[in-house]
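First, one chain by itself: the form predicted alone, in structure tokens.
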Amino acid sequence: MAAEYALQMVNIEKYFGRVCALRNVNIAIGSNEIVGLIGDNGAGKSTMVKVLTGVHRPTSGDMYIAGRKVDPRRYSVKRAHEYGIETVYQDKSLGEKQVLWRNFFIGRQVTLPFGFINVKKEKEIAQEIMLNTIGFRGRGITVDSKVSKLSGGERQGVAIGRAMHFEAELIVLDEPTVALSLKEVRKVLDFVHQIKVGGKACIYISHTITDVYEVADRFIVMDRGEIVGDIRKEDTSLQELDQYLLSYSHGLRDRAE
């Protein structure tokens, strides 16, 4: 498998007892590509992401991350991080009461020779991430500011910047703009654009099709556990993509068959 892909899923299936949650899932995501993962509730998006991030073990199929084949027997959430998979959830990725620089290094501290945390170095790196990786220049916000002082969009920016800094092969954004104001949504979308500028790959999951259409290079459509569409942005308009999704949510595809 070529390392030009950040992720490849080959014939992935997932059963919960007799219930098939994923069927014959085949996905290849380029190392510098943003893919919108879309579909109605119950389409299988969450299950697919849980397999990808090590929460669920696939029943069958193969997975490759940056060209390396994953051993499903040993794959876990911790191992996913080691492979370079980072997930950013809506408002759940940061420690509310911790200052920003500590949030950047939770579980991955920079230490001195005797094991003490190198606070000076961590602050310097956090400052670099804020200014140059995500272009974070909010007034009155420093590396010593607590997360609770940040807006929703700013929090997502910090989480995305952290994922980019730790050399993620693939960043999964799961509904990153839920419950945000239009102004805050704009901030998050700008941060997502920085993922591609930084040469990273991204899976962007959202029910807001306008947001997905803006940031994604390609759209993978799921319905009842299967991939039913793989559409490049240049081959569809926002209106056409929206109608395509509606045809599944309203059952029109079933009637057509």
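This one's a predicted model, so the numbers in the text were calculated from it and none came from an experiment. Position 1 is the first residue in the sequence shown; the rest follow in order.
Absent from the display: the form predicted together with a small molecule. The rest refers to it.
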One residue of 44, 54, 36, 58 in contact with the small molecule, assessed in the predicted complex (non-hydrogen atom, 4.5 angstroms): 44
The small molecule in the predicted complex: contacting segment from 210-218, 60-68, 23-31, 36-44, heavy atom within 4.5 Å: 36-44
Check whether residue 124 has any heavy atom within 4.5 Å of a heavy atom of the small molecule in the predicted complex, and answer yes or no. no
Residue-level question: is residue 184 within 4.5 Å of the small molecule in the predicted complex, judged on heavy atoms? no
